[in-house]
Every structure is written in C-alpha cells, then in structure tokens.
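In the block that follows, a single chain appears as structure tokens, in the form predicted alone.
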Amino acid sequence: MTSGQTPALAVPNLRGAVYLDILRLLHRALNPRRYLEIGTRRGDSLVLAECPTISIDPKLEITSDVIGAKSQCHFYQMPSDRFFEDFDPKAILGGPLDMAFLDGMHLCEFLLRDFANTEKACKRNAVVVLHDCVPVEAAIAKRTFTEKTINPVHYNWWTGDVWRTLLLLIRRRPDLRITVLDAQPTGLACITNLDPTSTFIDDNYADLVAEMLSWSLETMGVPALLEALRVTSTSELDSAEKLYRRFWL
C-alpha cells in the first residue's frame, strides 16, 4: 500500500484445507497422550481426540459420540478462567498436556489468558492450536458481531479480535515457534517450543492487553495483518512427514 491509499479491509477467502482436517492430521500424526480443548460446543473438534481429554465450555451442546475410544473424557461446563482457577489439568490427566485446541471466547484478552494458563500445563514440545486468528475481512474481526460485511458470504461470520492475541505472541514471545496456516475458513495457528515456567504474560498482562487494543485493523489493513502473521499454506503440513519436521511429542 502506498501513501494516501485506503487500507484494504478484505482479502480473498483462505484456500487451505478445512481446519478440522488439519486438526485430524495433528491428532493422528502426533498421537498426543493428553489433550485439552476450550470451546467444545457441539464437539466437532473434540471427537477427533482419542487420548485422555479435558473439555471446557460454558454451554456444551454435544450432538455426537465425542467419547469414542477415549479412556477418559472430563467435561467442565464453565468459563475457562474459572476452570484454571479451580483445577489443574496435569492433576486431572496425570501429567502435562501434549496438545491443546483453544477456540473459546473470541476476544483477545480471553485468548491471551487461555494461552497463558494452558502453556503452564504443557510439555515444552506440546502443540497449542489457536482457531479463528486469520480474519479475511475487518468486519468479522470486531469485538462485537456485526451483520454488515463487504462479502455477503461472510454474513454471520465472527472471529472477534483474537487476531490481536496471535500478533502479540508473534511480536512479544519470539521464543515460541508459531506456524500460521491458511486453514479454511479463518485460519489455524500451531504453537510449540512452549515455556511452562514463563510468567511474562502474567507479569505484563495489563500492558499487553492495552497494547493489543491499540491496534486497529481498519488502519493496518487485512493484507498487512496476514503478512505480519506470516500466513502459510496448509500444504506445508498436509502429511505426517511434513508435520514431523516442525512438531514432535
């Protein structure tokens, strides 16, 4: 974008594999021993796990057999903040987490807390997956839902502003290894090289939230955000062999 141009507020829809297919491949290739999920809702993602699992959602709407072959499946129908205040995932599952999927409240400060709390319960080489952090239109990435979108296909889409959380982690936690994928419809971020002992987010929480909220997608533009997030094709992780180059458990 040159000086004087209005930032683009939309980009073409992401063209990678559907996010559930990437999650399925992660489960099958990495074979995690312990898994945690925030934002289960109907259970479309929970059903993919086959190991001992924790599911957290303030209002579960399970519509399928999500237990399947799991030897344990612990449901906590409560906000994630309350869960982490009252419970220890490591104590529930008998050890640190190998994999987590964070798809809870779509506000940046909520996801930041979910990530910080989850990281504390993980192995260093665990994989934490964030959903909905790659919006294709500014209108769907607001802190409140709006029906007004540029692309009518995006009617009823809402990612919230969790893009801010992912951008913050990229900028402020360079120790993390983050792979951002163009998974349909609104991206996946796979994070490893975690530090369960880190207190950076806790120690700087208020300043970090203020920093995130100072960013404007309307000013930045959606193309510039995707460039800053370093979005890559899901074809980079479309096989177990390719996954093993980035992740191991």
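Residue numbers run from 1 along the displayed sequence. What you are looking at is a predicted structure, and each value in this text was computed from that prediction instead of being measured.
Heads up, the form predicted in complex with a small molecule isn't pictured, but that's what we're talking about next.
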With a 4.5 Å heavy atom cut-off to the small molecule in the predicted complex, the contacting stretch among 118-126, 135-143, 72-80, 167-175 is 72-80
Going by heavy atom distances of 4.5 angstroms or less, which of Glu218, Asp44, Asp202, Glu211 would be at the interface with the small molecule in the predicted complex?
Asp44
Would Pro185 sit within 4.5 Å of the small molecule in the predicted complex, counting heavy atoms only?
no
In the predicted complex, does Val18 have a heavy atom within 4.5 Å of the small molecule?
no
4.5 Å heavy atom contact, Gly39 and the small molecule in the predicted complex
yes
Does Asp103 reach the small molecule in the predicted complex if we count a contact as any heavy atom within 4.5 Å?
yes
